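To begin, one chain is listed below as structure tokens, in the form predicted alone.
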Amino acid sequence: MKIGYPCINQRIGCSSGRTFRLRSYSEKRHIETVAGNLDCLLSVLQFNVEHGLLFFRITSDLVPFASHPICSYPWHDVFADRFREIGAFIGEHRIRISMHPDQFVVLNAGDPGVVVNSIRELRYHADLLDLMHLDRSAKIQIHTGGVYGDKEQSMHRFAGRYDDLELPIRRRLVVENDDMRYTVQDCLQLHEDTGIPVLFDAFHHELNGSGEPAGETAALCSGTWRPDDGIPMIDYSSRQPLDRRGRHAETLDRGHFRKFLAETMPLDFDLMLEIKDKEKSALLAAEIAAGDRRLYQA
């Protein structure tokens, strides 16, 4: 089990997701921004290795506007050596990598334009991971999408569009349960229809499940991962007390986390903490899990 956090490190003083307004776009500005983002990403990964956090979600904004028609220059070629360097660092230190496109990526949308843009965005994510020469265990996680008044038909539409995706995209995609529309059981059905692995989101399952135990449900999801997909991934958080129903916790709830570790024993997985204070909670989680035999030891 490797423990990590998404996108932003709050300690090191840089962002790997800097961007700018579309109306301010210029090739020069774009190149400078991407170069700075890649420098910061490597700094974040170095911090993580030094602190034993070997799971990280790379921001989708690493290359701003990469899937937008305005970005016509060959950023793949311009930054090929830099991507290869970062990928080599990831491989050397056995860091697990994931990405999670924004909510506007909706494969089962009724609007053909949304689908075209979604596929273009997924292609960018897959290209980025391929440029780092990462194997297929580096995953891109998405949600099923909307219901559009007919869940069964919407799931069928997702399955058909998934099957039509280019292999470099399809081999990296995993689908996760969400907190309102699509449950773990829905995602397991999509796996039966398509073979797509299911990423278990423990917090979403608490909000949008039927009371099934986390350990049993996580095991069902883990069964959808093939050996070359890598160890299954799980997203974890808890609810922020006294806040709206779906708000992720500001910091790790120690008791809740210990209970989660106990409930999922002996299942092995890589754990992404979707908690607001990022590396602070990830470091605390690694400390709490220090006695857990599943914890990866570098």
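Note that residue numbering follows the sequence shown and begins at 1. Remember, it's a predicted structure, so these values are computed and weren't measured experimentally.
The same protein also exists as the form predicted in complex with the DNA; that form is not shown, yet it is the one meant from here on.
Contact here is defined as any heavy atom lying within 4.5 Å of the DNA in the predicted complex, and by that definition each of Arg57, Phe104 and His204 is a contact residue. Checked against the DNA in the predicted complex, the residues His51, Lys28, Arg247, Lys259 give one hit for a heavy atom within 4.5 Å, which is Arg247. With the partner omitted from this view, the residue of Leu173, Ala109, Ala214, Ala138 that lies near the DNA in the predicted complex is Ala109 [heavy atom within 4.5 Å].
Although the partner is absent here, His93 sits far enough away that none of its heavy atoms falls within 4.5 Å of the DNA in the predicted complex. Though the partner is left out of this view, Glu279 does not reach within 4.5 Å of the DNA in the predicted complex, counting heavy atoms only. Contact check for His68: a heavy atom falls within 4.5 Å of the DNA in the predicted complex. Interface membership of Glu121, defined by any non-hydrogen atom within 4.5 Å of the DNA in the predicted complex, is confirmed. Residue heavy atoms within 4.5 Å of the DNA in the predicted complex occur in exactly one stretch of 158-166, 129-137, 177-185, 218-226, and that stretch is 177-185. In the predicted complex, not one residue of 250-268 has a heavy atom within 4.5 Å of the DNA.
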